[in-house]
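Read the single chain below, which is given as structure tokens and is the form predicted on its own.
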Amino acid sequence: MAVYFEGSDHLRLRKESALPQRIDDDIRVTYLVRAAAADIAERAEALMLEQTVELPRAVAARDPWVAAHLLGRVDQIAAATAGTYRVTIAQPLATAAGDPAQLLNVLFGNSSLQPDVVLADVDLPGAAFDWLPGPRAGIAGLRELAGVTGRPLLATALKPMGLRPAQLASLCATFARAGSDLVKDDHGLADHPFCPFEARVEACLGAVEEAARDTGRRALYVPNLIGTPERMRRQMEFAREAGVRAVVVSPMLTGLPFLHELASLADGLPIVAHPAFGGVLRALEPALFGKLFRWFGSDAVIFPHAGGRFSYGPDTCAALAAELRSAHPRVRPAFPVPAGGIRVERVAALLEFYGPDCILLIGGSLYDAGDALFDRTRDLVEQVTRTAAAEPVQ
């Protein structure tokens, strides 16, 4: 078992959260703002004030301490497209109060209600990562859990909603025997009366263990946690005690601050983040999924790849993956997980696009095989393994 889950830098950094913050550390936030050229300077100043003090500068500055330590500034205004500007604002880190929900308030707050504003990017000072956990395992840790090096990991989802635990366990066993690295619950699988969470976890773990005895290789079964925070904490505890080694969470459904809480648990588990409900924010995807999801504790982030049944463009997918895997002095890299209607026939192109450090999440294209599900999954595993062997990691 990997040792980085306890006594690691991940936990050490969280223990240092009580250290005093430097009041002059800045959060740098870039927005896309629609405005006329004659109005953009005034609009940018108003946006900066709206996100923190919510008063005109002259009124807020009546208090000398507020003026010296909490008032932000507009750092840059640059033309983006016709009628749109990139506005970069610096807000003191102290405005975030060392709290994940308040950080979102500073980033989005009232600006998320303004149709002329989209969050484009955010950069945080190092001190913010005294209290932001980042991935628990990251790319290296998930590779260790899966026992896979030098190639992309392969994942699939258990579906459809409506199957009973025994039926899902049978699918889980098929995927595990065929060589899938991760077999995750679809994000639609909840604690339904027809498929209770605990019964599903026990059945699928049992299927994985039986397959491992026959094949000598243990796939990761990754159950979906969903519900109220109290219910999800119980699910996490049950899953961990049952032997689960990673879980799925939809941070936009259940809350980014709660993702932070789950990722910060001393006895928690690595988290695969699903993007459901992520389109409700006025934010560019690399900033939301590539940075915030990772910083708040996701070890792997699912997103719809270009050309699928609902997808982002290639540039967005490339930028998102680059943010998840980018070097950071305090935060482990996280796996990009392209998904959303990926066909088996497109796998070679995806391998070229993402390289080895990704998890390919393929579901429907495998289920299309019907009774040949095992053979189609095994062929996919062999194809990816051969491709990776032919093009070793540089």
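All residue numbers are counted from 1 along the displayed sequence. What you see is a predicted model, and the numbers here were worked out from it, not measured in a lab.
One more form of this protein exists, namely the form predicted together with a further copy of the same chain; it is left out here, but the text below deals with it.
K.L.:
Tell me the stretch among 51-59, 25-33, 348-356, 321-329 that has any heavy atom within 4.5 angstroms of a further copy of the same chain in the predicted bound form.
P.N.:
Residues of 51-59 come within 4.5 Å of the partner.
K.L.:
Identify, from the list Ala306, Ala276, Ala242, Ala199, the residue with a heavy atom within 4.5 Å of a further copy of the same chain in the predicted bound form.
P.N.:
Looking at Ala306, Ala276, Ala242, Ala199 one by one, just Ala276 meets the 4.5 Å heavy-atom criterion.
K.L.:
Using a 4.5 Å heavy atom cut-off, which residue among Thr84, Gln76, Thr215, Ser112 comes into contact with a further copy of the same chain in the predicted bound form?
P.N.:
Contact residue from the list: Ser112.
K.L.:
If you check in the predicted bound form, is Ala41 within 4.5 Å of a further copy of the same chain, heavy atoms only?
P.N.:
Ala41: no contact with a further copy of the same chain in the predicted bound form.
K.L.:
With a cut-off of 4.5 Å between heavy atoms, is Leu70 one of the residues that contacts a further copy of the same chain in the predicted bound form?
P.N.:
Close contact exists here: in the predicted bound form, Leu70 approaches a further copy of the same chain to within 4.5 Å, heavy atoms only.
K.L.:
Is Glu230 close to a further copy of the same chain in the predicted bound form, meaning a heavy atom pair under 4.5 Å apart or at it?
P.N.:
Flag for Glu230 set to yes.
K.L.:
Look up in the predicted bound form whether Asp186 has a non-hydrogen atom within 4.5 angstroms of a further copy of the same chain, and give yes or no.
P.N.:
Because a heavy atom of Asp186 falls inside 4.5 Å of a further copy of the same chain in the predicted bound form, the answer is yes.
K.L.:
Does each of Glu45, Ala90 and Ala128 have at least one heavy atom within 4.5 Å of a further copy of the same chain in the predicted bound form?
P.N.:
The answer is no: none of the three residues contacts the partner (heavy atom, 4.5 Å cut-off).
K.L.:
Which residues within 284-303 place at least one heavy atom within 4.5 Å of a further copy of the same chain in the predicted bound form?
P.N.:
Heavy-atom contacts to a further copy of the same chain in the predicted bound form: only Phe289.
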